[in-house]
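In the structure tokens that follow, a single protein chain appears in two forms: structure 1, then structure 2.
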Structure 1
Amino acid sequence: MAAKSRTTIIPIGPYHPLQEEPEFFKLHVEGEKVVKLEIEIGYNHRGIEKLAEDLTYDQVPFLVERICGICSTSHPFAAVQAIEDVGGVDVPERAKYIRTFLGELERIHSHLLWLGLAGHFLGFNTLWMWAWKHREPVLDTFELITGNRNHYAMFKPGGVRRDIMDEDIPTAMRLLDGLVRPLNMFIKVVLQDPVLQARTKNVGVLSYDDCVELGALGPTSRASGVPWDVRRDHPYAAYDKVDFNVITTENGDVFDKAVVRL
């Protein structure tokens, strides 16, 4: 009579696999075979909420800014707007434009960071070095106008913590104008690269229907042909006063997600 297999639990984590949220995995193993997996998440979320309990409204933006170094504008953006909605607080027009400028700067640096890491994981390390090289002027612009390359400490309930100085605007424009040529180079060279196409086309496809059912957002949804952009459809800050295109593609694969970001 064969002996009954014994199940062993192997804990892995909590650790941070290139994501905002630490994850803890419990592998139930019988010999070499994984028969069950338990996943525990929420450490970051619960910790941030607990810390926020002892802070004032004006201190919370500094805390939520540190949820993610790549998105250290979007989290305080959401936090101060929630506080303003609850309190019925009006924001000065200039502050709305500064918030919008910070949000778009961060979007550029975030997409370039994503592109570089995508290249690295695909074995295209030249793309990684290119993308992160041309991300530097964006971070330099942040440092010029806020004093910090990440975690900018610019958001506060009712406005922003500091103005953008008139004397800094020409330098900021020069840094950002210098991005146009390398970004156009990425669009032409990267998206025509046969190796990148071979490894990303028809991979990780998310259909339009699945995208809608699962509630996917951002470049992920727009790559599946869903023309949804909260900046246009539910504008905040100064987004209702500026013109921009909502970029969509139809295939929903990893390649199209890169196309949308570029």
Structure 2
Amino acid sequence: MAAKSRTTIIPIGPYHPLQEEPEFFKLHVEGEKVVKLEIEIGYNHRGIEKLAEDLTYDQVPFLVERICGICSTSHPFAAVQAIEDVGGVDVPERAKYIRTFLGELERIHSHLLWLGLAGHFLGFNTLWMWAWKHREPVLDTFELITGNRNHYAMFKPGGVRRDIMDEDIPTAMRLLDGLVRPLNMFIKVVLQDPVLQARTKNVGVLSYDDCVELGALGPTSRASGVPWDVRRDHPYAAYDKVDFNVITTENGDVFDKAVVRL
């Protein structure tokens, strides 16, 4: 009887969509080590491809904007570019820059959202509230530019729905300049916090090889030292005309996933 180690099953989820997302993780653990994982991800599958079959090319971007409730840029961005590719449509230079601006604004709000949730799940609710407090000016900028804090409906095949007005620029600049200090504060406070380090360093390590094998992307793979960035490797909109660094770290743990986002 003895030799075989005991496996325990720990269920995580599924949660209601308003909570941690409707996913179910069935962890098979031996002591502290996860030896196997079963994942159920389909609880909220809405058949968006099926719905899209009955829509016109002009309606599809609005539908796919609703794939994700908090990322209103990525899916319509991809959709309008696919439509433009098929139709051989050229997009005005100014619209390309506006799209890029929206994409990066969304990155900032999304990373702050991530940081807040990470704090919440670690029991650091002050970080959660602070991160989301300083995410507000980003949403205010979205409201100023697009009319909406979320679901901006800005992407149209051939361009964008609204131009950025000259008179709005000073306000947007003021809101965004105001982000610099809190962001620097987060970099300092979060990355030096001994409790956060203890909870996240060497936890949930994703190796470089696993990233490559599984095709992981974005901040997830960049935290494991995989220097992929679609904005640089396959530039779209105005990304080939703006200068930016591709941030990578080497350890692939949860801590590094925070570093690449900050």
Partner chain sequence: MADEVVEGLKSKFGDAIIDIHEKSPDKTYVTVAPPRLPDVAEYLYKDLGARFSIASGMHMAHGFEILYHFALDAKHRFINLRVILDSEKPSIDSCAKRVPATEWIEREMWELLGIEFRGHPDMRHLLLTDDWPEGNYPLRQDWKDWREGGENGSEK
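For the two forms, the rigid core is made up of the largest set of C-alpha atoms that agree within 1.5 Å on superposition. Note that the structure is a prediction, hence the values are computed from the model and not measured. Throughout, residue numbering runs from 1 along the sequence of structure 1.
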| query | finding |
| --- | --- |
| Pair member that is the form predicted alone | 1 |
| Rigid-core frame, C-alpha of residue 203, shift of 2 angstroms or more between structures 1 and 2 | no |
| Core-superposed comparison between structures 1 and 2, residue 38 Cα displacement 2 Å or beyond | yes |
| Relative rigid-part rotation, degrees, compared between structures 1 and 2 | 44 |
